[in-house]
Each structure stands twice: as C-alpha cells, then as structure tokens.
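Form predicted alone, single chain, as structure tokens, below.
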C-alpha cells in the first residue's frame, strides 16, 4: 500500500492538501521539505483530497514536498515517569527532561461506555468554603469555571491543584501567556504538589493545532491512571482558547460558519472532551474542572452557552470570588448529606441570609432608612464575604461549617435564621 506522496495540491495558511488513498481522520503524517521534517495531522477528508494541519506552520513547504502517512493518530507515552513533568501540547518535553516513548496510547478516543460508569458518590475536598460547603465538587463531575478576562481563574485552579484530595493532578493549559505557565509550574513546585502533577502546556506562541490536542492528551493520560485505580483531577484552562483554535482552523478550511464564526460542531467538540469525566466501576475516576472565559461577560456567547448544556453545573467567578448566585453543582446532593448532619442546613440558611443582605444593600444605596434587621444583615454579609467568600480563605469543611454557625450566632438570634429547632439545639454556639 503506497503511503508516500510527492505532490502538495494546495497550501492555505498552515494547512496543506494532498491526494491520497486509505487515510483516516486524525492520522499523523510527516512532511519532508527544505527545512527538515514537519509533523502534520489529518483534519479533513473529502474524497481522495486530504487536508493536513502542519504543527510548525507551512512556511517553507514546497509543492513537491514528500508526505509520508504514519498509519496512526497522535499518541502519548504513559507511565509513572510522567509525574512531575511539563510537556507541550503535543507531548514533547518542555522541561528539558528526557523524551518518554513507552506504553504509547492513542489520544482522542471515545468516551467511556455508560455501562462501566457508576453513580458519583464521593466529594473532593478543596479547602475552599465556597466550593466545599455551598457547591460541593463531586468525584467524576465535569464543571466549568465561567469567568471574564482579569479574574483570578488561573490562581483558583492552582489552589485547587495544591489542595484537592485526589491522587493525581493533570493540568492542560491552552493559549497561556508564558507568565501564566510559569505561575502554575512555580506555584505547584513551591507547595510540593508538582510531584503528583502532570502539565501539558500550550502557550499563545505555539502552533494552533497543539492547542486542540491539549484536552485530548490530558484526558488520555488521565484515563490510563484512572483505570489503575487513581483519583484524577483534570484542570483545563482556557476552553474558550480551545474553541477559538477550532474556529481558526474551520476558517482556514473554508467551512460554513455558525454562530459568531464558530464551527457548527462546536457542541460536539466540547462534549467529546467533557464526557470523558467518569467514575469507573472497580477502578478510579476522572473529574474535570475547566476555566471558560466569557467575552464581554456574555453567558450567551457560543462557548459558555454550549458548555452549559453539557456540564453538571458551573462556578461563576466575579469580583475575585465564586459568586453564590448562579454557581451550581448539580451533583452536590449526592454527597453533602453524607458529610455532617448540618451541612445542608448551613448551605441553605447562609445563602438565604446572604440574599437578604444583598437586598438591604440595594435599599441603602437608594437612600432608604435602615432597620435593625437591615443592620444585622449588613454585618452578616460583610463577615460572610470576608471570612467565607474570599478565595484566600483556606479551611477544612468541618471548620467551615463551624465558622458558619459562629458568624450567624454573632449576627442574629436563633429564631431569626429560620433554622429548625433541632439543629439549633445541636449546633448553635453556646455563649
């Protein structure tokens, strides 16, 4: 079977086209030109016309360049030697460590058979009260962190990476600034978390096609570790950069654009990655947290809009805090009834009182006279924001629940909270 071709039919941007037979989608190929050998990947099949994305860019490739198809998709090595290492989006070492080529596994495979999944049953503790208490992260969950540019979503993911009670952290960075990449690496190293972490980093200066590979390579490695019984947390940032890379290639391929120029299969592309989150029957699990920036803080933008139909809730990051209104973990009820008897009571009561605090703030801003109840709410709201909402707060779940009782007892009488008497008798702080 002939697998080498010597005629490039078309060069458009970083995409070249050749006529070839028996080629599969996402198969790799090598292009030999005057500058050396470049790696490419099949991104479209149309009859015998094959379009390939060139990793390093198509500059310098001639129309008589030799194209050799390799017969397999992108693969990544898998072993415990990956831990503590930093790689590019294509799996090449970024940390000047040795190249790993053992136990190669294909990336971008199908999601797990639902028959092999089990109902999520364990929480992942993070030490962040706005997650642990109010929007509990559940093992095998898939959640986006909706944010806007300038919000500390990368520091939030770094804190979760340091503190989450899991076995392995896999960070997939897409379109990161070099400073953000160094921040992740240095923060994890300084806090002793790099030894259980694997970083796949695509920077804004790297080839676009590598951006598309970051989620796939991260999740492929996560799946192999999960099958060995490990609890794996995959952190992805930023999925909007991933979608923009899809759009850039779709435009190069002259595809008919959909909403705001994104390809028509944007939902399927996002779902193929998010649906990798799984709790295996008799093995480990994959949990996914993915930062998604919203241009103009517009939740109807195609990327967050499509994401919301796929995931099991979302965290909204606004003003440097996880916003309690809008943030939602749809699976939290599967685990927060098993933590402590007062968990749901604290969760519901404190949010209801915080909503009343917001109403009192509006009254004050409009010049209305403040009642004693309003003043109590304002005192409560200020303490709640400072001692529980602030992302610098780092306390275990049980201490966060105790703190919730202390804050309410300092601001209200027991009857004013609406908490059932049996809970008051058991948990209300004794003066």
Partner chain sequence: MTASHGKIAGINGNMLTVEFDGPVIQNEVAYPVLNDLRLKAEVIRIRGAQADLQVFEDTTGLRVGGPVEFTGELLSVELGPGLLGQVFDGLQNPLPELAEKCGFFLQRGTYLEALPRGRKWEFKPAAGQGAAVRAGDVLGSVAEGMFTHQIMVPFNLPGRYTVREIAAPGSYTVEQPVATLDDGASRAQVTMLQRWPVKLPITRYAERLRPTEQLVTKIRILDSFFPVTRGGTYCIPGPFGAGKTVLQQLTSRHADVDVVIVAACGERAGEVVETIREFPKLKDPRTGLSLMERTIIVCNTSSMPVAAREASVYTAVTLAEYYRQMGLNVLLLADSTSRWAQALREMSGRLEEIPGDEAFPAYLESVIASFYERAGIVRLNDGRLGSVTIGGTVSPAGGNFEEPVTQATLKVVGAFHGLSRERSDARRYPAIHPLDSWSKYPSLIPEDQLMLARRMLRDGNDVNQMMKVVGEEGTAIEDFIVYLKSEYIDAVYLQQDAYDEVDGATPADRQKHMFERLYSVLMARMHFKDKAGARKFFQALTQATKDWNRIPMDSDEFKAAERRITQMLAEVTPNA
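Numbering follows the first chain given and starts at 1. Just so it is clear, the model here is predicted, and its values are computed rather than measured. Basically, rigid core = biggest C-alpha set you can superpose within 1.5 Å across the two forms.
Quick note: we don't show the form predicted together with its partner chain, though the next part is all about it.
- Contact with its partner chain in the predicted bound form, defined as any heavy atom within 4.5 Å, is confined among 83 to 91, 254 to 262, 230 to 238, 157 to 165 to 254 to 262.
- Checking 122, 117, 340, 75 for any heavy atom within 4.5 Å of its partner chain in the predicted bound form turns up a single hit: 117.
- Here the marked residues 97, 99 and 288 all miss its partner chain in the predicted bound form; none has a heavy atom within 4.5 angstroms.
- Proximity of residue 179 to its partner chain in the predicted bound form falls outside the 4.5 Å heavy atom cutoff.
- At the 4.5 Å threshold, heavy atoms of residue 13 stay clear of its partner chain in the predicted bound form, well away from it.
- With a 4.5 Å cutoff on heavy atoms, residue 293 does not count as touching its partner chain in the predicted bound form; it lies far away.
- In the predicted bound form, residue 242 stays away from its partner chain, with no heavy atom inside 4.5 Å.
- Heavy atoms closer than or equal to 4.5 Å to its partner chain in the predicted bound form belong, across 392 to 431, to the residues 413, 414, 415, 416, 418, 419, 420, 421, 422, 424, ordered by sequence position.
- Fitting the two forms on the rigid core leaves the C-alpha of residue 329 displaced by under 2 angstroms between the shown form and the other one.
- For residue 281, a C-alpha deviation below 2 angstroms is recorded between the shown form and the other one after rigid-core alignment.
- Remark: with the core as the superposition reference, the CA shift of residue 107 between the shown form and the other one stays below 2 Å.
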